[in-house]
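Next up: a single chain in structure tokens, the form predicted on its own.
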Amino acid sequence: MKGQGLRLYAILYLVFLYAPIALLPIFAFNDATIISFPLRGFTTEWFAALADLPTLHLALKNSLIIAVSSSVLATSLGIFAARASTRYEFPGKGGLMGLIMLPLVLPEVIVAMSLLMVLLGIGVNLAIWTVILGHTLICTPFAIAILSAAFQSLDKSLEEAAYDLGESKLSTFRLITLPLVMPGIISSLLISFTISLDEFIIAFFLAGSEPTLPVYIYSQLRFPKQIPAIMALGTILVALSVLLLTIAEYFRRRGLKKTGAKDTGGFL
């Protein structure tokens, strides 16, 4: 009886969580400007309308620049941090790693406001690069979590064998370690890209006059005639996010299979 209650709770929770997302494609293909039932008919007009919105194209360009830059920076920093935390012992390691992972639990609005105050206080103009800075900050803990698992599952004897055969630490890292953890690196890049592309709060505070895609979507919700096109855009973003997460999960499992590590759960 207890198990059935938990199962029912899990089902209701999932319905509550994903039902609004399921409504996106329904109204995106609905031939009406009013978001309501009953539906009027099927159309792809709202997807075609996205091509005639130059401000949307600019926001998309900004978001792609920010997402690519943030994912590369966060993954690069994550490689160094994950490597250090899994291979070396040093004073203050626990506290330092805790501080690095702190953005995972801090409210994003607090992080955004703090960054805004600091940047304005030192006279920095808000632009795309300030959003990249903020997104790198929040994406790095996710990258470290993914890459730490990849480095922990790596057999140390492989590196020791390379040392015995005359390889330096740098060449061993480049020729042995990096190829083995590459699935984790790719997974980290995709997850960081997805987080940055969908992030709103930090972009809202730090973008200045160069809005990102989520900020653009928020600004268009004031105009009822734009809602169907926003629904179409949301459908595309959801499909893209699911695709990227699926690819990231594939590379995560591939990496575990390559190293022979036990699978303790993933993204999907």
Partner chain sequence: MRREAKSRRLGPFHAPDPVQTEPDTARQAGAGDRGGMEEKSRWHRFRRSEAFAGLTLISPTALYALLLLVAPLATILVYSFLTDGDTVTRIVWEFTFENYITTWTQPIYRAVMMRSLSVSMMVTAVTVILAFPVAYYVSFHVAPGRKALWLFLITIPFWTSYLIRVFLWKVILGYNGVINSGLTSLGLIDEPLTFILYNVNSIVLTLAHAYAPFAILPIFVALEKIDRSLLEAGQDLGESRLMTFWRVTLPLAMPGVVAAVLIVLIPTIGDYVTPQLIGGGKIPMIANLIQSQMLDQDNRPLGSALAVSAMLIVTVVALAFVLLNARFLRVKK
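Numbering follows the first chain given and starts at 1. Not measured: the values here are computed from a predicted model.
In what follows, reference is made to the form predicted together with the partner chain, a form of this protein that is not presented.
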property: Contacting member of 217, 58, 64, 53, with respect to the partner chain in the predicted bound form [4.5 Å, heavy atom]; result: 217
property: Contact flag, residue 28 vs the partner chain in the predicted bound form, heavy atom cut 4.5 Å; result: no
property: Residue 231 within 4.5 Å of the partner chain in the predicted bound form, heavy atoms; result: yes
property: Exercise: residue 182 in contact with the partner chain in the predicted bound form, heavy atom 4.5 Å; result: no
property: Heavy atom of residue 136 within 4.5 Å of the partner chain in the predicted bound form; result: yes
property: Any residue of 214 to 250 that, in the predicted bound form, places a heavy atom within 4.5 Å of the partner chain; result: 214, 217, 218, 221, 227, 231, 234, 237, 238, 241, 242, 245, 246, 249
